[in-house]
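Only one chain is included here, represented as structure tokens and corresponding to the form predicted alone.
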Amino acid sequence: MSLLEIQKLRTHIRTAGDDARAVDGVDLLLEEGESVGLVGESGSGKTLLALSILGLLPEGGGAILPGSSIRFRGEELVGMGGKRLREIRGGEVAMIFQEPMTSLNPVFSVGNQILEAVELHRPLNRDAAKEEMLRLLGEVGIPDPEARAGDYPHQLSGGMRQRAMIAMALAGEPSLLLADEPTTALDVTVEAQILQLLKRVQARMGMGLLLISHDLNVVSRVCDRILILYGGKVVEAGPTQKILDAPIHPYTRGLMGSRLSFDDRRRTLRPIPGEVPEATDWPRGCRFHPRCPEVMDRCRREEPRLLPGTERKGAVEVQGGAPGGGRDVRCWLLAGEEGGA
């Protein structure tokens, strides 16, 4: 049994006009202790996928459509409510939100906020809970935990706030951690420290990790596998090193071409032209085709399925879908005449 199994997830956001099809048929498997990265530009559906897992969609504005399934250790989360869902949130599945300054309560000290999470999810008395709160602050690298526990969010640097958010997420000893852009707006030194912290904590606790980022450099340091999202759909999925060494989908190659590299400072950045379309008006056919440098007529007419990929050089088959030894790709360039619709 997988730790997390998502099948045909469709999450729509209601708007004044048509529904925004933000997540549109995503499958994902995550095993115990495994780390998986979700990568894509803003608007690709990464954050809403994570919020769907915990049922934290906008009230009255977001909905998971019938036919979707999100199973955590075999237990269906779609449609779950009440006490059991509250037990899972923050306890068995925790989330590090994208912006700690808006996620932390400004009128309570960081120590009180972490203490509340410990008391909510752990059977500890007040004194033991305080000791655990201080231990968590120390584990995430905050110096002098007893003094810092009394600080308010605005008194901490961006890196310290992010560490406090991680401590709060770990308070319930979760089996699965969802990390939404945990290094956004941090300088490269602090970013490296936060990523090392996540790897160390994951190894100690044996957690599964779903890391959301727009940056392939970030996920490459932490994740075993990567799923590339575009237009609410997975366009490529597979082992991290295989995707980094030989990206197949034109979008993945575009992301690789637009990232900074210290190994080759003379390399010219090649940004992907255009912008992600509105989720209320996805293009017909392949959703990437308006921006794709290798677009064909078929791309404009028919939407490709996610199929076992083929290496572009030498036509070497990459057998099996993710997770496993190979990868999956959604592209007509690789499907061939027999690929079907």
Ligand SMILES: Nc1ncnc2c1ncn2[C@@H]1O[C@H](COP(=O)(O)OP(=O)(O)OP(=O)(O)O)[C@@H](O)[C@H]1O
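As the structure is a prediction and not an experimental result, all values here were calculated from the model. Residue numbers here begin at 1 and follow the sequence given.
From this point on, the text means the form predicted together with the named molecule, which you will not see here.
None of 47-55, 65-73, 28-36, 295-303 except one has non-hydrogen atoms within 4.5 angstroms of the named molecule in the model of the complex; the exception is 47-55.
Under a 4.5 angstroms non-hydrogen atom cutoff, the named molecule in the model of the complex lacks Cys331 among its neighbouring residues. Using a 4.5 Å cutoff between non-hydrogen atoms, Asp151 does not count as a contact of the named molecule in the model of the complex.
Mapping the unseen interface onto this chain, Glu278 counts among the residues with a heavy atom inside 4.5 Å of the named molecule in the model of the complex. Using a 4.5 angstroms threshold between heavy atoms, Ala22 counts as touching the named molecule in the model of the complex. When the named molecule is considered in the model of the complex, only one residue from Glu181, Glu139, Glu191, Glu119 comes within 4.5 Å through any heavy atom, namely Glu181.
Only one of the listed residues (Thr240, Ser109, Gln98, Gln202) places a non-hydrogen atom within 4.5 angstroms of the named molecule in the model of the complex, and that residue is Gln98.
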